[in-house]
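Here you get one chain, nothing else, as structure tokens; it is the form predicted on its own.
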Amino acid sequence: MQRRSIAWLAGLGSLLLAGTASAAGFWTDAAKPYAGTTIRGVSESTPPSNFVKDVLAPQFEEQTGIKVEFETTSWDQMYDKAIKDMEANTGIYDFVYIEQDIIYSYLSRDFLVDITKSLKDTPALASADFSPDKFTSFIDYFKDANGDLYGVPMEAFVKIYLYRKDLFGDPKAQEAFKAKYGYDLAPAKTHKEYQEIAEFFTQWGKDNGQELWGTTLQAHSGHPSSWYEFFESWGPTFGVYNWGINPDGWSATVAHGGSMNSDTAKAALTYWLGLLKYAPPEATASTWDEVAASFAAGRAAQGLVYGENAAWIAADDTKSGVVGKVGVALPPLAEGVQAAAESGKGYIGYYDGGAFGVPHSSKNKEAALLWLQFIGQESVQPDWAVAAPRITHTATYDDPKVQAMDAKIDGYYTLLRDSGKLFAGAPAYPFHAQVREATAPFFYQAITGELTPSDALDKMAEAAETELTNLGYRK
């Protein structure tokens, strides 16, 4: 879902590691049959994708003679263009961005080339510098039931709790907060604490003549980003997992064994909507992009923000007004959620990311396979991670420049490494988009106040089951 803003990239082209250059012999030789070819791709305009376009694509062209035309566009356009191309088998794109939550739909429709099999069948294309074993476990999301790989991860990050360290550390704010609530001001561990902090800083802004609110909120009243914020970020913090759909019978209603309209889900949605009064006025028009922009502009004291934005918000003073003031923490949780995540029975939030895959409709599959391996090398990862806090290789955490950036962004990489296992990607639903679209209108009506949270979730659960029945999942 991803989202977001353009990261700073100036000068990074000169920083690519020597290891890539030393491997140039392979890339030149393997690419000889395809020199002069142009491969085309599409992705969302995000910090990781812009690094690919501005830094990695020129490097690849220099070493191979294969030109990369990489279109970075809006999230909506990216999906629309890629899916229409693959459905029509027109072959416009030779590689496409595959978000973690849509891979299962693509696999069910046989859209993608089996990378594992392709490299095995054409060993001359297989680079010794590309190994799926070097990736983090996030790569497993892009494998089929047999373990074959269909996408090379290019970004992976968690949606984290960002907070303003300068505000939380202000002695006057600390004194006033403790006087009002009876405990020390610190990043929230519980939903009650988060709500009280939101309330406090919203009033603090009013009292001090500041355009400051207590929390960001990704609550667009007509865009799927708000649906995702609830079901993939806030819902799990209450213990609502996998959208409340029970795979044993594919039920969503409590009456049939699901939990989409459970008391817990209704409490979670009521809480989330209740935060609107502490969010900036742009919240109901905010997607992932606007949430990051609001936080970077200093308009909120805290919020859940996609981790790919952490670097530029915390360290790029050409785009952010809160450089040096950003702290990171795990999201607030209901009782029992952390224990459930640690035991593997639940999760505390969203582990997001995506990969590049090759459509069956591509007319330049071999050249595209070389490109995917190029961006999957271990040697290109550190500069990429510094430009946009996404990590796909285990060794990237130990790189000195990544560790130096970690200190600038309050230990985000360390949090990702140590606590990433507590987060999870979207459930493996081939019907992902269909159920989202069937339920989203009722969700938007809850945001606008046309439906109560309880009524909205009742209607959503019923709509989900109707759609699952129409698709043949429910009997």
Partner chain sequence: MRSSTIGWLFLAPTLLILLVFGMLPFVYVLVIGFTDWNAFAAVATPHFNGVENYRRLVFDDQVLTALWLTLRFTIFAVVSELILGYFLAQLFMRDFPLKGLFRTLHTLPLMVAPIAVGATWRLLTVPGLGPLSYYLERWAGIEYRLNTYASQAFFTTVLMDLWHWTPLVTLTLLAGLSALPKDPFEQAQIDGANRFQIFWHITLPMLRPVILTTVFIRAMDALRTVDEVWMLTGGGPGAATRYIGLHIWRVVFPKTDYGYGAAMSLLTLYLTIVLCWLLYVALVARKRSGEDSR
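Positions refer to the first chain, counted from 1. Note that the structure is a prediction, hence the values are computed from the model and not measured.
What comes next is about the form predicted together with the partner chain, which is not displayed.
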query	finding
Among 307-315, 360-368, 232-240, 76-84, the region lying within 4.5 Å of the partner chain in the model of the complex by heavy atom distance	76-84
is_contact(residue 26, the partner chain) in the model of the complex, heavy atom dist at most 4.5 Å	no
Contact test in the model of the complex: residue 399 vs the partner chain, heavy atoms, 4.5 Å	no
Close approach of residue 415 to the partner chain in the model of the complex, 4.5 Å, heavy atom	no
Non-hydrogen atom contact residue 467 with the partner chain in the model of the complex at 4.5 angstroms	yes
Position in contact with the partner chain when the complex is considered in the model of the complex, options 221, 338, 246, 116, heavy atoms within 4.5 Å	221
Among the candidates 299, 390, 393, 159, the residue which, in the model of the complex, approaches the partner chain to within 4.5 Å (heavy atoms)	299
Heavy atom within 4.5 Å of the partner chain in the model of the complex - qualifying residues of 301-330	none
